[in-house]
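Starting off, we have a lone chain in the form predicted on its own, written out as structure tokens.
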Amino acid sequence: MSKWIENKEGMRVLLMGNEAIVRGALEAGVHVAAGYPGTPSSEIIENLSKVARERHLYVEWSTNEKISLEVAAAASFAGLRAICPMKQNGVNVASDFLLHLAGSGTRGGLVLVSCDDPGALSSANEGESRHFARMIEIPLLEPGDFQEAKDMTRWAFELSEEIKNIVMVRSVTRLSHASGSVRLGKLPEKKGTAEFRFQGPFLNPDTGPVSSMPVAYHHDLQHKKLDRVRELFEESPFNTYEGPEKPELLVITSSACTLYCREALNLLGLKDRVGLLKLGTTWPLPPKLVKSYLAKAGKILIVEEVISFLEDSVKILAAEQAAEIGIKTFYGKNDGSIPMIGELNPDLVAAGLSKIMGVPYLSMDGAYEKEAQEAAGSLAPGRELNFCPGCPHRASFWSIHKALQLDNRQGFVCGDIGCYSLGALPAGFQSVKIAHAMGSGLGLACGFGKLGDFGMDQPTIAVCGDSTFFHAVLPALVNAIHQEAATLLIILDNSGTAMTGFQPHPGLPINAVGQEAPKVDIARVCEAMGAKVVIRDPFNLEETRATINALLEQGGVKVLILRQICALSPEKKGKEDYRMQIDESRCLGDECGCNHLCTRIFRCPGLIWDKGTKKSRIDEVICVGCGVCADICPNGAIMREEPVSL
């Protein structure tokens, strides 16, 4: 039996933060879960899908975060409990519906889990989702450890039902992906029954139609709900204090920063001089509770990741209470005590504390640090960001790069978010020259494609993945066709949401729980919109290159689907198309005019430049036998052989 559904109340288990959130949702009796893959949130839907049958859940990977929130909200309107996890960028996507949802209110408990990524460890930005809670005026909870990740998620459903509105639980990468001890609670036995009731009076929150209108009425009601939230937050066990009764400095923090603060205070030996107020309910703040602790100290340090949010809220509250609690000196983001960007750690918090408290702290001896850096530079092998061995994206960008060179009109690629973002680096032959959000590649190409009247004759190519096509590219494609933009969309179809773990999407005949599902054909969708569609295998380099050049010569919107399954996908992994070998008699190494093109430019990790023999060789451990490198060797030294069946 899975540890997520073991009904052993009181048992301690080791859970990853996202697993703790899953367990909390199950203990709350969640019925519906919907999301879109995005690190660091993906494991929540993945793990719920694994227990969907046993726990009688409906679980889906939606086509984007806005739709996933709408699916979850429908369950709430029908009286069921629902959860909707997403990464920080997803909150942007969902925010239009979220704004209306906060106005209309909810029925069954509805929890939005936002997993932020301070330091952008797996993102193209380190955007903040907390500000959405304040802007949209919904409660925000931030667990400080793994037990709280479970307990807070469970309580969030109860809070949602008490105030009849959505509740946001915010995690961060270090909490979502690290593990800790969690004491299990009881799993409910009952099944949910769904019914959407709409026959009641228009403004009845339980039986009437659901709408954010009339806006003034619902907005006023929303503020009354927040007043109740403040009352509940005043007594919340998720807000704790540790330290002396009259601290010299009060540290206010939340989320994973709580762990960094505790460690920093231990490192500096300041536990008897500095107080630590950990807030789990970070918006709206519980004013009485925060005021009582602000009154204890003259100096306040706010520790949080990325831009100031908690700091701003505390300062506003302190200004409003200044007559009673006196003037305070604040430290944090704005005075530089805590970095404004990036992920925090105990060292960074200790450095800030040492300056404020006048306590010496040296995280690392300078001489040792210099020696370590020199050793890392000379002894550790260089590892540049690269596509995996056999990745079809390398072959695709090889052909795109060559086609643009042959076209010779200074053409460029508008990139998108996925593994293929590496197209901006040497791994992708630096083909991508501009990249922003999901779906923005084609949107930008639309814009560039309409600048012909201003003298721009550079061809533009937009690239996206198959999952991204459904997520955000469809509206851009409609726009490109309607506006008659001159552009080429290349869909890098590797049969899954590869970057986040091969979650299914509507282009595949399977759903989140492994059941057969109708497949939406990308090519037919594009053709139905009016685009010319061509499908090629990116491993056929010359045919792909020639097709791109031919399409660049044509007007209007063209779609080229480069279809080849990801080398790491469960269907492909371990299956070789070829056994690759180097004919050393043909590999001329430094004497060849190509100057070992295969390892210098093509850069597949399955190819190694042997400094001893001055020849290339195959790394048989990681080569997946795609066979593409045989087509880039000008001297025919790389050879394909049929794999031997054992």
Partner chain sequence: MKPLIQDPYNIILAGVGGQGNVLASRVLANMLSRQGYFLTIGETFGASQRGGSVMSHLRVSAASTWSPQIPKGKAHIIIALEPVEAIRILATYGNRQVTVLTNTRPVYPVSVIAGECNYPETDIIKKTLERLSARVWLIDATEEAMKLGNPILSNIIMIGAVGGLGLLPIQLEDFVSVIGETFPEKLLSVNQQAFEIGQNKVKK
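Numbering follows the first chain given and starts at 1. A quick note: this is a predicted structure, and the numbers were derived from the prediction, not measured.
Separately, the form predicted together with the partner chain exists; it is not shown, and the next lines address it.
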Does residue 600 make contact with the partner chain in the predicted complex, using a 4.5 Å heavy atom cut-off?
yes
Taking heavy atoms only, is residue 619 within 4.5 angstroms of the partner chain in the predicted complex?
yes
Even though the partner chain is not shown here, does residue 559 get within 4.5 Å of it in the predicted complex, heavy atoms only?
no
With heavy atoms only and a cut-off of 4.5 Å, decide whether residue 382 touches the partner chain in the predicted complex.
yes
Among 358-366, 407-415, 524-532, 294-302, mark the stretch whose residues have heavy atoms within 4.5 Å of the partner chain in the predicted complex.
358-366
135, 273 and 437 each touching the partner chain in the predicted complex (heavy atom, 4.5 Å)
no
Have a look at 188, 339, 208, 180 for me and say which one sits with a heavy atom within 4.5 Å of the partner chain in the predicted complex.
180
Heavy atom within 4.5 Å of the partner chain in the predicted complex: which of 122, 354, 212, 321 fits that? Just give me the one.
122
In the predicted complex, residues of 494-512 near the partner chain [heavy atom within 4.5 Å]
498, 499
